[in-house]
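Read the single chain below, which is given as structure tokens and is the form predicted alone.
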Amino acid sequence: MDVHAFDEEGRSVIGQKGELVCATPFPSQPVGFWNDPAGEKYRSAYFDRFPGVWCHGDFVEITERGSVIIYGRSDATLNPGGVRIGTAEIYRAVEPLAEIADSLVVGRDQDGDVQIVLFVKLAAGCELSASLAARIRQAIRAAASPRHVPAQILAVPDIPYTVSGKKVEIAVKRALQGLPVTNRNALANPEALRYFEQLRLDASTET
């Protein structure tokens, strides 16, 4: 398939992070959505970003070897200090720790910038101590960069997923902002959102 990583100007790049696109039609490409007779939702979902080019919605890097590194959904990427970060980069650093059963990252708008907030579901018998938070930050710094280190780390009882097994970062961010989450039927564990709906992020909750 005619797959590329496009930069912000729609140029194909190698060895850099970009939007996953397919520049020509492909056999498995859907032709439309149900209940979208004019095709507006379909075009908005895949063709608004780069007109005439299928934009898949993933943040990737195509290496010089031709392999592909997936950094996560592009609509869930973070931009602290103007540096674009894929949430998968943080998960890869955090989730190998024995104390961490699962994790989820969102961005918090703060003073014209974005701060990273990391939620962790702890393994049985573990607690989020200051020493564990320090080890989490050090693991992220070592595996990624100082820009990836979260401003806040919070323990949560569960991490919400879709029925297809994807973390729902955008739904969690909407819940934290007090906005409605409209796709609850797509969640495997919608009850996990209740904690986030009741939580309000501020400095007093920082770890």
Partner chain sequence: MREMVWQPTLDRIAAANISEFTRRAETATGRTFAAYDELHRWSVTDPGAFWSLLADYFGVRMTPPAAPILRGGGDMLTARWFAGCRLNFAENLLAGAAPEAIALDFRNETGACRRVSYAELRAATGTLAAALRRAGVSAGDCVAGYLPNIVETVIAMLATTSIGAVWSSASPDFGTQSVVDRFGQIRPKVLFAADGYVYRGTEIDCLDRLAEVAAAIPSIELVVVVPYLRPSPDLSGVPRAILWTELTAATRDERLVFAELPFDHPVYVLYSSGTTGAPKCIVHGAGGSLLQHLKEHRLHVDLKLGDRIFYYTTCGWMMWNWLVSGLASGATVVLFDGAPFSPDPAVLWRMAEELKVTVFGTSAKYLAALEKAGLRPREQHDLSALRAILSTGSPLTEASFRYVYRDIKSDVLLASISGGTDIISSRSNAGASAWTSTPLTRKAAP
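Worth saying up front: this structure is predicted, and the values here are computed from it rather than measured. Numbering follows the first chain given and starts at 1.
If you look for the form predicted in complex with the partner chain, you will not find it shown, but the lines that follow are about it.
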item: Residue contact check: N183 to the partner chain in the predicted complex, 4.5 Å heavy atom; value: yes
item: Proximity of R84 to the partner chain in the predicted complex, heavy atoms at 4.5 Å; value: no
item: Contact test in the predicted complex: V31 vs the partner chain, heavy atoms, 4.5 Å; value: yes
item: Partner proximity in the predicted complex: F119 to the partner chain, non-hydrogen atom cutoff 4.5 Å; value: no
item: In the predicted complex, the one of G178, P157, P146, G52 near the partner chain [non-hydrogen atom within 4.5 angstroms]; value: G52
item: Joint contact, V106, A133 and K173 to the partner chain in the predicted complex, by non-hydrogen atom at 4.5 Å; value: no
item: Residues from 33-65 in contact with the partner chain (non-hydrogen atom within 4.5 Å) in the predicted complex; value: F33, W34, N35, Y42, R43, A45, Y46, F47, G52, V53, W54, H56, D58, R65
